[in-house]
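The data below hold one chain only, encoded as structure tokens and taken in the form predicted alone.
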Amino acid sequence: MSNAATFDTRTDTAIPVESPLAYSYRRSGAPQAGGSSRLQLRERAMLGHLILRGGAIVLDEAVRDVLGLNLPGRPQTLVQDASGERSIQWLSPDEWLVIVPGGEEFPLETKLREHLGSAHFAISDVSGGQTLLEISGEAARELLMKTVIYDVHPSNFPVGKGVTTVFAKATTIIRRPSEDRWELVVRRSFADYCYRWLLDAGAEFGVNVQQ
């Protein structure tokens, strides 16, 4: 067991919390284009985000035993469980992003630390500093083509890929977990900026925001 000091970063359930886009909804609204919409936008707030760092072989065994997923070894690879609720993304040769349903991150971190023992590794809970924006609909890729510098053509960005790139003027992780769905992992401090950019860039397609 690691002797690192750990604690659950989630507040007591009696304390009200707001998603990173709560202010944005009040300021910019949540447009509903109805049946004419070609673009759907949804924040998947309050998920658990963990950064894993260490040797791939050691981490892979622990992640498989605890989470039931293989650690992606290929660059820019994204793997997820059958439900799509838990995923691991390759970020660099010794760094991975794990996303799980909110509330699972601290128990997961604890189990991983127990399994890894005295191995050389680092686990950082970054749940409070990031949020995930989900983009879907027939115009999703067109929207990204207007906004990111990375080539999102299907031949270059197949399902199961994830990259760190620039969205507008913000550093963002872009992922493609399924054929018709894209995800943006953005820093909390850039969430409002990215949301307003998405509303503006997606206006021509008719945006439905799901809260």
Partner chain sequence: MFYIYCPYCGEHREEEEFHPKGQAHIERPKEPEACSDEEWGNYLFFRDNPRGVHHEMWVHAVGCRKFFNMTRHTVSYEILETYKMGEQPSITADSQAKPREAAAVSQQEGVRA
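Positions refer to the first chain, counted from 1. As the structure is a computational prediction, the values presented were derived from the model and not from experiment.
Keep in mind that the form predicted in complex with the partner chain is not shown, yet the notes after this line are about it.
Of the residues given (V163, A30, V185, A62), V163 alone sits with a heavy atom within 4.5 Å of the partner chain in the model of the complex. Although the partner is absent here, G84 sits far enough away that none of its heavy atoms falls within 4.5 Å of the partner chain in the model of the complex. Although the partner is absent from this view, P75 contacts the partner chain in the model of the complex, with a non-hydrogen atom inside 4.5 angstroms. In the model of the complex, the partner chain sits within 4.5 Å of a heavy atom of T171. In the model of the complex, no heavy atom of E138 sits within 4.5 Å of the partner chain. Of the residues in 84 to 110, those that come within 4.5 Å of the partner chain in the model of the complex through at least one heavy atom are, in sequence order, W90, L91, S92, P93, D94, E95.
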